[in-house]
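The chain below stands alone, shown as structure tokens; this is the form predicted alone.
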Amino acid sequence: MGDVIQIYNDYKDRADFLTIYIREAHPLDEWQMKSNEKDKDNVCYVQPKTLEQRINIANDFTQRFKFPLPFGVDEMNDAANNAYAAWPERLYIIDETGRISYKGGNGPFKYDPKEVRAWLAQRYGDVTHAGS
């Protein structure tokens, strides 16, 4: 999550960002990973059955982690997830014409924010940090 937030902070004046909350990848009432059960942040939820429940989870996440990116919530018919094959997580860059310019691999194993940073750096210039 930190890499995406840093990319956002570095490029938010040059590109628009949007995070979409889709269905839970490892809900408490379905398939659960042991690492999630041990997670000290207690970010496990049951699979939302209503849009209101999804919105509540999204709000809890953004507030708890002070997540600064614009945040949307997929509809209960999973339209965004289905259109972008986003489950469990995926990064996209959509250019000014509405075309997909970058389609990242499915997370967690092929989820690579460094590729997004490289694309943005090539397009808008590299951002260097003081002390780096």
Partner chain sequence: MKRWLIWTSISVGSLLIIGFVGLSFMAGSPKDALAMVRFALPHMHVGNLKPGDSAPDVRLVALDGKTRFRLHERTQQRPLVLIFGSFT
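Predicted model, so just to flag it, every value in this text is computed and none were measured. Numbering follows the first chain given and starts at 1.
Another form, the form predicted in complex with its partner chain, is not on view; read the next lines as being about it.
J.: Could you confirm whether residue 68 comes within 4.5 Å of its partner chain in the predicted bound form, counting heavy atoms only?
T.: Flag for residue 68 set to no.
J.: Considering only heavy atoms, tell me if residue 114 and its partner chain come within 4.5 Å of each other in the predicted bound form.
T.: Although its partner chain is absent here, residue 114 would stay clear of it in the predicted bound form, with no heavy atoms inside 4.5 Å.
J.: How about residue 18 - does it come within 4.5 Å of its partner chain in the predicted bound form, if we only consider non-hydrogen atoms?
T.: It does: once its partner chain is placed as it appears in the predicted bound form, residue 18 has a heavy atom within 4.5 Å of it.
J.: Taking 4.5 angstroms as the cut-off for heavy atoms, does residue 10 touch its partner chain in the predicted bound form?
T.: It does not: once its partner chain is placed as it appears in the predicted bound form, residue 10 has no heavy atom within 4.5 Å of it.
J.: In the predicted bound form, which residues of 56-92 put a heavy atom within 4.5 Å of its partner chain?
T.: 57, 58, 59, 60, 61, 62, 64, 65, 69, 70, 71, 72, 73, 74, 75, 79, 80, 83, 84, 85, 86, 87, 88, 89, 90, 91, 92 sit within 4.5 Å of the partner.
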